[in-house]
Structures are given as structure tokens and as C-alpha cells.
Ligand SMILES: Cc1cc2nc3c(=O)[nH]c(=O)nc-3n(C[C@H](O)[C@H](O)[C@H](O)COP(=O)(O)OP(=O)(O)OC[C@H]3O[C@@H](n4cnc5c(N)ncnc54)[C@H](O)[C@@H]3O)c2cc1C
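Take a look at this single chain in C-alpha cells; it is the form predicted on its own.
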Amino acid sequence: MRVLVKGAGVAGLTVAHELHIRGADVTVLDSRPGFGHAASWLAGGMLAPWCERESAEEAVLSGGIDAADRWDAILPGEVHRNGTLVVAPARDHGELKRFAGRTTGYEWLEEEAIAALEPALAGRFRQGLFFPRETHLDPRRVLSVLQEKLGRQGVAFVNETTSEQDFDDIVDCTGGARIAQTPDLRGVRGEMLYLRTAEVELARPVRLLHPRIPVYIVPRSGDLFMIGATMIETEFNGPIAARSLMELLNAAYALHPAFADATVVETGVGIRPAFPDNFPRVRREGNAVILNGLYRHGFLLAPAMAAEAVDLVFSRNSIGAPAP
């Protein structure tokens, strides 16, 4: 069976992988080569279903609870199983209690335990929440490595295709490009930045709570830290706003003063496609299966949603079913 996958972000690549391991002949179409235009290029890469439950529905927890195992099966060795640390300044201790009241799967930590977990934060926070089962990965590395792996396995990557009629089925994973085409799909602006400093070492993502703009700091290799991310109900895709930049920098400084001397390596803006309930959907529309609406849960939910999309492909193209 020949299947065309439209889009080469995290959704498209996980769909292509799932199709390949089930025996399909897969072509991935993306008219803009490279990942720079994809929302997943700007992702934090946190596989954190328990933390996400603070502001998301139960379906995000249940759908993402095995995400680390799924990613380990796709790309062994790329998942870092160090948990998530959640902290708040003393003046915002109420935010920490509120976060705890909306989540599960955590341990309360006192100041000494926080210092043992993250020595760089010694003496900076009186209490915190530790989610030991949460994990993270580096989205940019994972996207690149997965594309290379699929290419070696025979998946074709093209910038244009002659005819969709050459394929038995199509899976559309074009994300924000469908905002004007798919009912109820909207764009949510997210802004982030990368800082580089050798003065801070973190082993895991740290979420810093704030009543207005909670942020996360995710360590990367090469003394890099990804700081994110705003959530603004607009589809404006211009450069990062001055207010957002200041707030993200202030949050990093509040976590550790050494970030004040860090180098700003990059700022980024992405439009996340989202449905009204902020949960992705897989459904057939005409001659294609549509996977969209991953919102801020791309790497967390993509493997499970990819499996659901491929189930639809194979159910329609099973023996005796009419070709599209």
C-alpha cells in the first residue's frame, strides 16, 4: 500500500514511522524543506502528562502517559528520564499549592531535597513538587534523527508530488496550514527563546510558577537552555514581543541570577493549531485522514495519535475495502 503523508513535523514523521513499521510504502511531502517553519521545531520536548493535567483535560494525561515508552521504541536512547521539578518564589507559594491540587504523581520536596536534586538551585526555593515519572527529549535532535532514520529505511521525502492519485491513501499532518480550511481550528501564538550559559547546570525541566505567566526552562546540550513559552490567542506570526521577551528573561533570572549574564542565542515564534477543547483530532475527511490540533502537546501525544491515524488508513484499505 502506498501512502502519502503531508507535513514533516512531529505529527508527519511519527505517522510515517508508524506506517513504515506496518509495511506501507511511504512518501512524505513537505513543500518547505527543513524544520524551521514547523511549530514542533520550537517545542520544549517535555513528556509531562502529569504536569500538563494542571491546565488540560484528563485525556491529555491518559493519552500521553506512555509517551516516553513510545518514543523509546521509535528512537532508543533519546528520552531523558529525569522527572520534572516545579518551583515557585516564596511570594507565589499559593501557586505551588494550587498546582498540586490540580495534578497527581508528584512528591513534595523541601529545600534540602531540591538542592540534592538540582544543586544549582540550592537555597533558592523552600518547597517544590517533583514528578519522577516525567521525561523529556530534544525536539530538534529527535526531528532530525527520525527523518534520517526513515530515509535510511526507504521512506521518500519530496518537496512536490505529481499526483495524489498515485497513492492508496493520504494522511494530512500540515498543522497550522489548515487553520483556514478546518472548522474550529485556530492558531495559538507561542514565543520562546534559547539562552547559553555555562554558569547553570540543570538535569531536568524546571517549571517556575507565576500567577500570570508560568514558564519552563529545559536544559539542552552545549550549555543551552530553552525558555518557554507564552500562549496568546492570536494567529499573528511576527517576531517576539518585547513584553514576552522581558517576561521570559525575568523568569529565567528568577530561577537563577546567572541567567542574567547568559547569551540570547535565539528567539522564536510559532503558531500552534488547536481545537476548542485543545485536544487533537484524527478523522477522515474525503480522501484523506486528517491529524491536527496538537496544540502544546505535540511530542507528548503525537505517537499515540499517529497510531490512531494509521489505524484509520489500514481499516479503509483492508482487503475488500474500496480504494479511495
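Note that residue numbering begins at 1 and tracks the sequence as displayed. These numbers were taken from a predicted model, which means no experiment stands behind them.
We do not show the form predicted in complex with the named molecule, though everything after this point is about it.
Proximity to the named molecule in the model of the complex holds for all of Lys6, Met46 and Met226, with the criterion being a heavy atom within 4.5 Å.
Residues of just one listed stretch (281 to 289, 27 to 35, 252 to 260, 55 to 63) have heavy atoms within 4.5 Å of the named molecule in the model of the complex: 27 to 35. The named molecule is not shown here, but in the model of the complex it comes within 4.5 Å of a heavy atom of Met192. Contact between Phe167 and the named molecule in the model of the complex is not found at the 4.5 Å heavy atom cutoff.
At the 4.5 Å threshold, heavy atoms of Phe125 stay clear of the named molecule in the model of the complex, well away from it. The closest non-hydrogen atom of Cys51 lies beyond 4.5 Å of the named molecule in the model of the complex. Shown here without the named molecule, the chain has Cys173, Thr174, Gly175, Ala177 in 162 to 184 lying with a heavy atom within 4.5 Å of that partner in the model of the complex.
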